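This document starts with one chain, in the form predicted alone, laid out as structure tokens.
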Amino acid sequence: MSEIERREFLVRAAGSAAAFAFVPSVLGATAWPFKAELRVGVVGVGRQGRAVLGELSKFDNVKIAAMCDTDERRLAAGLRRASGAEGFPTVEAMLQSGSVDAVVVATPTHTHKDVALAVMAAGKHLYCECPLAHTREDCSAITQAARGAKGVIAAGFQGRSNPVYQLARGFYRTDSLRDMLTMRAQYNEKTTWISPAADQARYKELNWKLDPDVSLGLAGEFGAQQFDVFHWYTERYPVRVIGRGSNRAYDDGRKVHDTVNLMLEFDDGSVLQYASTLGNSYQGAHEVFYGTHSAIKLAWSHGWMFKESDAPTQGWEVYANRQQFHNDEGITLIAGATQLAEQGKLKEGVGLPHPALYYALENWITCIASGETPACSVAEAARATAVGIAASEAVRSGKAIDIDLAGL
């Protein structure tokens, strides 16, 4: 059997739909290339801040030198996670200490602006979690400051630095998908969004996501992260959003909906359907592009292509491992498949070894060393956040909201 015949046989044997798992060829940790350590400070050591501390600890020659939090208990807990780090009660004190070269902002969304502006004014490198802010005005202020900043300024929309998403985008931009038909995404998690606290002031601080005055809810706090994937792939932004929200899982008087549904309309007539709930975790978070040749499904640590039976064979399908998806038998594509097969480790290459946050921080650290532009700039983050803000407004109002990105 010739090489071409063998490739055709493998693809035909897969049935009417085939799934390909996208895995990058290089997944090793990036070492800081300079002799001196990169000293990083983390502002905000709550849930997201602790995740940041965990990922930063994986990098060689990157030192968690300092951290800051207004809550003494959180700060003490964070310091126990990073040996040798110095704790500060305020951002100003940390910046004035001279103990950090770069800062990660992992505070609640509505507090990002003041912290980010202080870090940039001090001439430090900045990584700001996303969404960028809770208002367009704050997004604009951060964007303007970033234009004149001395350091490398990166924003935390993680899809753009995710190796699986980067590889899958390469397929999206070829004829593998062909004509894009529609888009769909979801974020499902089984959680109350409530952190218990003994006093009312601490309760309000911990549970800011349930405060309608500062929270963008599911549509903005999580949806914006996923919307940006579609912006990046299609190189378009939605122009209008329709939203609905309700409390389906928790009857506790909350004013921020636990279940939302959105329809985002693009100027070319395409539509992104989005759904999210805190009452059910089925299928977690993922995004799907539907095309005439295939569908691409992305799930942060994994990605698949489901080919249509009439899609042309492109040749790369030969290095394949089978995977079952309900009624569809999938073919798994793994970078370096030949070498892995020889070692009997074919299935070990499926999926990312680190969470998406790791690769976003890795990209920022690499850009500090090289002087290159981060995968997600503050300007891109501001536009994606503006879409999330509009989506949040649509859910709250129950009305269609036009999306205006002018000035961002």
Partner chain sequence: MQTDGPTMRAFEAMGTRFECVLAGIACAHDPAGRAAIAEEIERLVLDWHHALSIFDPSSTVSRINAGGQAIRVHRDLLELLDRCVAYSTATDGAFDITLGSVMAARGFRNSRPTTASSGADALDLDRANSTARLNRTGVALDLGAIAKGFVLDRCADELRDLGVSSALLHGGTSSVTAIGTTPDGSPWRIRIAEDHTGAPTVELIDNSLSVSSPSGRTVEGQGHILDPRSGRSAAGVEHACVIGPSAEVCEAWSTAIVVDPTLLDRLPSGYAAHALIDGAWRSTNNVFSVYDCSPA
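Computed from a predicted structure; not experimentally measured. Residue numbers count along the first chain shown, from 1.
What follows is about the form predicted together with its partner chain, which we do not show.
**Q** If you check 327, 174, 182, 83 against its partner chain in the model of the complex, which one has a heavy atom within 4.5 Å?
**A** None of the others qualify; the residue that does is 83.
**Q** Work out which of 310, 72, 213, 252 lies within 4.5 Å of its partner chain in the model of the complex, going by heavy atoms.
**A** Spelling it out, the residue with a heavy atom inside the cut-off is 252.
**Q** Can you tell me whether residue 370 touches its partner chain? I mean in the model of the complex, with a 4.5 angstroms heavy atom cut-off.
**A** Answer no; every heavy atom of residue 370 is more than 4.5 Å from its partner chain in the model of the complex.
**Q** Contact between residue 285 and its partner chain in the model of the complex at 4.5 Å, heavy atoms?
**A** Residue 285: no contact with its partner chain in the model of the complex.
**Q** Using 4.5 Å between non-hydrogen atoms, is residue 147 touching its partner chain in the model of the complex?
**A** No, residue 147 is distant from the partner.
**Q** Looking at the partner-bound form in the model of the complex, is residue 196 within 4.5 Å of its partner chain by any heavy atom?
**A** Residue 196: yes, in contact with its partner chain in the model of the complex.
**Q** Quick one: 50, 62 and 354 and its partner chain in the model of the complex, is every residue within 4.5 Å by at least one heavy atom?
**A** Every residue of the candidate spot has a heavy atom within 4.5 Å of its partner chain in the model of the complex.
**Q** Pick from 188-196, 216-224, 125-133, 139-147: which stretch has a heavy atom within 4.5 Å of its partner chain in the model of the complex?
**A** So the stretch in question is 188-196.
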